[in-house]
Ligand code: BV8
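In the block that follows, a single chain appears as structure tokens, in the form predicted on its own.
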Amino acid sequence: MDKAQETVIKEVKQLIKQAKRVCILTGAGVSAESGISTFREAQDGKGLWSQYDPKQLASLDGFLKDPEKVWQWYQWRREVNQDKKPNPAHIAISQWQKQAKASGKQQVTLVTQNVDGLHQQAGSDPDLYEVSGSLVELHGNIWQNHCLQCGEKHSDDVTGTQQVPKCKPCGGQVRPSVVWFGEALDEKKWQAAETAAYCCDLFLSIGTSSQVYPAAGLMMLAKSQGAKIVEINPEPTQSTVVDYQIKGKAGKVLPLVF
């Protein structure tokens, strides 16, 4: 690491110490360090799933037309990722949140675009929203399921089945609890993310290209309210609102800045 980057890291460390409210946005780059493939990467090659349009596998229309195919695609993804573990980036963020919560002097809200559940596995508390140490899974969680008809949650009771499970209370079809193409984000989760970005004095964008909306708009929202913006990426983006850029993998950089 060159001296310029070392200087940036020192300045970011100081910002972290001084911040009262922090919003962290993580993307696929963080999960990639644990060996998690992106949706499209999982389709690459000559395998069974490469022949399908992504919208056939991740949309309500696709599920209604062929629920078994969509369900089996997600079961396959779960099987592939079941042995993946949190990496140093997940762990560093979780430890930061826990220490901030214990001190009572800093609020650290984590917003993730990832659905793999690794932040939760590392110790970040899901869906607490406005308390320090919270985790907002904007796009859902691939390990969770719910009934398409009544909304009843299903998880452990459908593990391993290759046929679309039926909801015991109402008989409806069970689907993965992830946001599909054409679906809106959960309103409460999005409000929590917006609030965290709007109120923060420090915003960290980690492992994301900041190109996928509406999540990418959170950085702009934070900037509009005077927050300092820090970007951590192997390949820095060309964003004009970033104040500090650190080039590198999150798993190596985060333990240095926190």
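Numbering starts at 1 and follows the sequence shown. Since the model is a prediction, treat every value here as computed from it, not as a measurement.
FYI, the form predicted together with the named molecule isn't displayed, but the following is about it.
Asker: By the heavy atom within 4.5 Å rule, which residue out of 229, 28, 199, 221 makes contact with the named molecule in the predicted bound form?
Answerer: Contact residue from the list: 28.
Asker: To verify the annotation, which of these, 115, 174, 108, 135, has a non-hydrogen atom within 4.5 Å of the named molecule in the predicted bound form?
Answerer: Of 115, 174, 108, 135, the residue with a heavy atom within 4.5 Å of the named molecule in the predicted bound form is 115.
Asker: Using a 4.5 Å heavy atom cut-off, indicate which stretch of 184-192, 166-174, 96-104, 118-126 touches the named molecule in the predicted bound form.
Answerer: Single hit among the candidates: 184-192.
Asker: Spell it out for me: taking the named molecule in the predicted bound form, does every residue among 35, 60 and 75 have a heavy atom no farther than 4.5 Å from it?
Answerer: The answer is no; none of 35, 60 and 75 reaches the named molecule.
Asker: Residue 249 near the named molecule in the predicted bound form, any heavy atom under 4.5 Å?
Answerer: Flag for residue 249 set to yes.
Asker: Does residue 180 reach the named molecule in the predicted bound form, with heavy atoms at most 4.5 Å apart?
Answerer: The answer is yes: residue 180 has a heavy atom within 4.5 Å of the named molecule.
Asker: Hey, in the predicted bound form, is residue 217 touching the named molecule, heavy atoms inside 4.5 Å?
Answerer: Result no; residue 217 lies far from the named molecule in the predicted bound form.
Asker: Find out whether any non-hydrogen atom of residue 139 is located within 4.5 angstroms of the named molecule in the predicted bound form, and reply yes or no.
Answerer: Output for residue 139 is yes: heavy atoms within 4.5 Å of the named molecule.
Asker: Is any part of 190-210 within 4.5 angstroms of the named molecule in the predicted bound form by a non-hydrogen atom, and which residues would that be?
Answerer: The stretch 190-210, when checked against the named molecule in the predicted bound form, contributes 207, 208, 209, 210 at the 4.5 Å heavy-atom cut-off.
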